[in-house]
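Presented as structure tokens, the chain that follows is alone, the form predicted on its own.
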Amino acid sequence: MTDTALIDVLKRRIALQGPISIADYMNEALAHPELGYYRKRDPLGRGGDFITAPEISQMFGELIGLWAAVTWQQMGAPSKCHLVELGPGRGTLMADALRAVKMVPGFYDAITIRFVETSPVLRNYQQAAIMPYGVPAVWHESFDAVPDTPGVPMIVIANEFFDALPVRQFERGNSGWCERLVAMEADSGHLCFVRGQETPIADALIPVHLRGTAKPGDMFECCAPAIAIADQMAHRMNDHGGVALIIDYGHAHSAFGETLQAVRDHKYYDVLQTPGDADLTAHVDFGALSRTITEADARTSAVLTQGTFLKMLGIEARAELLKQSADPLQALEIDSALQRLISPAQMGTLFKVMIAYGRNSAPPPCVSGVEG
């Protein structure tokens, strides 16, 4: 095992208080003030650890920008609107979106961009990316900090945001559920997974429709921060109007299974090997998000695949248009990027899309006929 400074921090914490939850481990690994993964590096691109859809092609951000502008028009073109992006990466998506909508009358004047971003490194990239468009922007540490302004609706874009929120894992035992924890091996001093005590309290975290079907050894992941943000979004959209577009890799319905993974240099790593130096993610439970939003009396679309959603937005026509002014090599690159975004063998099926909106709002684009 490769030691890092953060491993020493984690080992001291475990030695003092005992095994910690996977959520606590993820939170330290990703968001430790000095040693956390997102606090100290730019993880994106070929020189980083992974690549996201906006970095693959300008088409992705352009189409989402146009979707946001049409959504704003359907709201009645309000004079003020929060355009919120959760986890905006390098700002590539927002820059492409702003370029695509610059001719939409009144949209630039109405929006204030609100980036929810904890990384100082990425904030600098985001500021540089959107600077040419002259749209006011504010940065926030959390969604809680985004102003809840009476009469001002919001359009939220969350592309590959929820997958990085800390999850807890529970394993079914013979008579109940026990939490999977991170501990330290007595002999080697290495970090390892252990099972906590079986308790009926954990049963409340398992969706009702799954409890009776669990077998010993079944694993269930839940993400309390994702549920809290979804609930907060639903209430704000109900109170002031608004729409949220959530794009991430995950499953449409809650199910048993372990999905926690670590990625470094575009390769999968042992989750416990290099905390702070590898990205940690888990598949998003869109079923849990949908239940949370509808329980708050807001609305959601059906969960679509990314390929289906982008085709509905016209990505194939956009690709053909770009190819008209491209040389042969550029045309091949456009086709390659298109397939990477929509092909079932690549991102097209693994990544899912869900749209949420307030109970008093009209269904936004790509929702009519596919409501959840």
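Residue numbers here begin at 1 and follow the sequence given. As the structure is a prediction and not an experimental result, all values here were calculated from the model.
The discussion below concerns the form predicted together with a small molecule, not included here.
- Only one of 104 to 112, 118 to 126, 206 to 214, 67 to 75 places residue heavy atoms within 4.5 angstroms of the small molecule in the predicted complex, namely 118 to 126.
- The contact with the small molecule in the predicted complex, taken as any heavy atom within 4.5 Å, belongs to A164 out of C222, A296, A164, A302.
- This chain is drawn without the small molecule; in the predicted complex, the residue among G242, G87, G250, P275 with a heavy atom within 4.5 Å of it is G87.
- Proximity to the small molecule in the predicted complex holds for none of S57, T308 and E333, with the criterion being a heavy atom within 4.5 Å.
- The small molecule is not shown here, and in the predicted complex it never comes within 4.5 Å of any heavy atom of Q346.
- Interface membership of N159, defined by any non-hydrogen atom within 4.5 Å of the small molecule in the predicted complex, is confirmed.
- At the 4.5 Å threshold, heavy atoms of D187 stay clear of the small molecule in the predicted complex, well away from it.
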